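The form predicted on its own is given below as one chain in structure tokens.
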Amino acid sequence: MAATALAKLLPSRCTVALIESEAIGIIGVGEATLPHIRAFNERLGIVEAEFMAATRATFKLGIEFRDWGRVGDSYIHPFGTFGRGSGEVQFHHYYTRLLRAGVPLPPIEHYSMACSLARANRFGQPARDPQQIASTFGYAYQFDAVAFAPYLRRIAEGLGVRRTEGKVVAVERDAQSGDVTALVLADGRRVEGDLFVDCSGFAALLIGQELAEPFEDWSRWLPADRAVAMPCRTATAVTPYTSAIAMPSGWRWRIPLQHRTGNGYVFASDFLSEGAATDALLAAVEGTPLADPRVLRFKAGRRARSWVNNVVAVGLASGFLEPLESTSLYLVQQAITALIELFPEKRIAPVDRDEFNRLINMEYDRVRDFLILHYHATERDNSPFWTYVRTMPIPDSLAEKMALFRRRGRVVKYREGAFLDASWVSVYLGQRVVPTGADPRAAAPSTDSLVAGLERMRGEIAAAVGAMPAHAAFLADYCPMPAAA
């Protein structure tokens, strides 16, 4: 992603050399994404239908969370708004006002176009007219990450990126500045450069092993440190959403692609052994396994700084947050975007480097709080793992957010970031965190008029959903995978 973006967006300002080793391979677990990737792909000139066919992709309207608040609960975090998403007072203030008044209402997802489409297993492109209810949702992709990397490589090489096959075995640095000057490969070749982008994954060859930038460990808040992954044949519907199903010591993902379904169990090794997690996954998957289970080990957290000297860490070299909200590729994308905006001219300006680190740390910190919310806002007490996360101390920044919402439904607002108001509202209400008050402006309409308005909206959404095709039919027409896949 980094090589392609630099070559495409900064063609006259840098020459990109890409070092890869086929022997290391691709982790290939980041199959689910957030809507932001669409804008990233568009900037690179990627044709959506072509990209989706090549990566066997499906559409994604949100994430279903099953059994998180209580066993038996289910809600969807939608890529879109609740209600129309317009007006000075947010929809959830009216909704929770009626709930407190004792008005019987369905779950809030019934007032979301994205949720309703996902539950109906239908899909269509969002309407361009903002007056239409069908304009109130977005979407992302679920794709084969193993196919995504070579797809981008072909684009990068077409843009002039020079790829070198090899494994880095040594790093040369300037004795005075400490800057990296060259990488030495196993066959003795040297690759010199002015700026080095460390995309070496968990190994963190430059930022960690060479520059020894500290890693901030967040495992006290996000104790899951293992995942066992295994694809299977798709035996049920190819849904336009990812599922995150709570398990006794973590959670299980289900990501349907065109040619298979990705599965995995994210768990905390302090509460469950790798063998027991593997057995639990094998018992839960819906279709015939296509490969042996594979265990991945990780630690939640991030580097104190992702840009040090003339090394910029991107992706897993920079930090790791578990895939609960599909943020891995989003964080890669944000790092690349920030690098392009702050790309040095002839020399690296410390103020640019500091701003990059501020932006990336902010992204990681906000995503961290959102992930912790899923674990902490639970009523489950049926396993040691869930008792721990329900009762653990949480970051002050998250405690303040939760207190603000509980008082009168206010969501801390950001001008930028991965998760905006509807995302937080979906998790709060989906996991039974209901505010005791509301924005005073939500008291103006009469109860009867509010109830009538909500009913009209449900009818409008149902009609719009009914007019869209089944997800599978849309895929077959728009972006069918190659016949040999």
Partner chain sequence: MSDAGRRVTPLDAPITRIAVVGGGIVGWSAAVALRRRVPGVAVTIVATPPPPDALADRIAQTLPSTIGFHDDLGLSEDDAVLRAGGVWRLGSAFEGWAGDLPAYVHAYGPCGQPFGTASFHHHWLRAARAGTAAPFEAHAPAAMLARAGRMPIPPAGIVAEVQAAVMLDVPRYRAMLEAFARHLGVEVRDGEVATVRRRGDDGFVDALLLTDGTVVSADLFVDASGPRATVRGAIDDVREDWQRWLRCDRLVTADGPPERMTALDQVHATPAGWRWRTPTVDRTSHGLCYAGAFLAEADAQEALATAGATAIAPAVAFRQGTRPEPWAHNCVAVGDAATVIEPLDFTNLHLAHSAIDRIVAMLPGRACHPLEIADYNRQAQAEVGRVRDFVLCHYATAQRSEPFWRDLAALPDSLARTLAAFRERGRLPFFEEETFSRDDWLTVLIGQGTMPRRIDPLIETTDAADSDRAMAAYRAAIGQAVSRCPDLDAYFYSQRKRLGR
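Here the structure is a predicted model, which means the values were calculated and not measured. Numbering follows the first chain given and starts at 1.
Absent from the display: the form predicted in complex with the partner chain. The rest refers to it.
Visitor: Give me the residue from R297, R189, R347, R154 that has a heavy atom within 4.5 Å of the partner chain in the predicted bound form.
Guide: The residue from R297, R189, R347, R154 that makes the contact is R347.
Visitor: Within 4.5 Å of the partner chain in the predicted bound form, heavy atoms considered, which of V238, V168, L99, A182?
Guide: Of V238, V168, L99, A182, the residue with a heavy atom within 4.5 Å of the partner chain in the predicted bound form is L99.
Visitor: Considering the partner chain in the predicted bound form, find the one stretch among 239 to 247, 351 to 359, 203 to 211, 255 to 263 with heavy atoms no farther than 4.5 Å from it.
Guide: Only one stretch passes the 4.5 Å heavy-atom test: 351 to 359.
Visitor: May I ask you to check whether L404 falls inside a 4.5 Å heavy atom distance of the partner chain in the predicted bound form?
Guide: The answer is yes: L404 has a heavy atom within 4.5 Å of the partner chain.
Visitor: Contact between P440 and the partner chain in the predicted bound form at 4.5 Å, heavy atoms?
Guide: Yes, P440 sits close enough to the partner chain in the predicted bound form that at least one of its heavy atoms falls within 4.5 Å.
Visitor: Can you work out whether E88 and the partner chain are in contact in the predicted bound form, taking contact to mean some heavy atom pair no more than 4.5 Å apart?
Guide: So E88 counts as contacting the partner chain.
Visitor: Given that the partner chain is not shown alongside this chain, does G466 nevertheless sit within 4.5 Å of it in the predicted bound form, heavy atom to heavy atom?
Guide: No, G466 sits far enough from the partner chain in the predicted bound form that none of its heavy atoms falls within 4.5 Å.
Visitor: What are the residues of 126 to 152, in order along the chain, with a heavy atom within 4.5 Å of the partner chain in the predicted bound form?
Guide: Result: empty, none.
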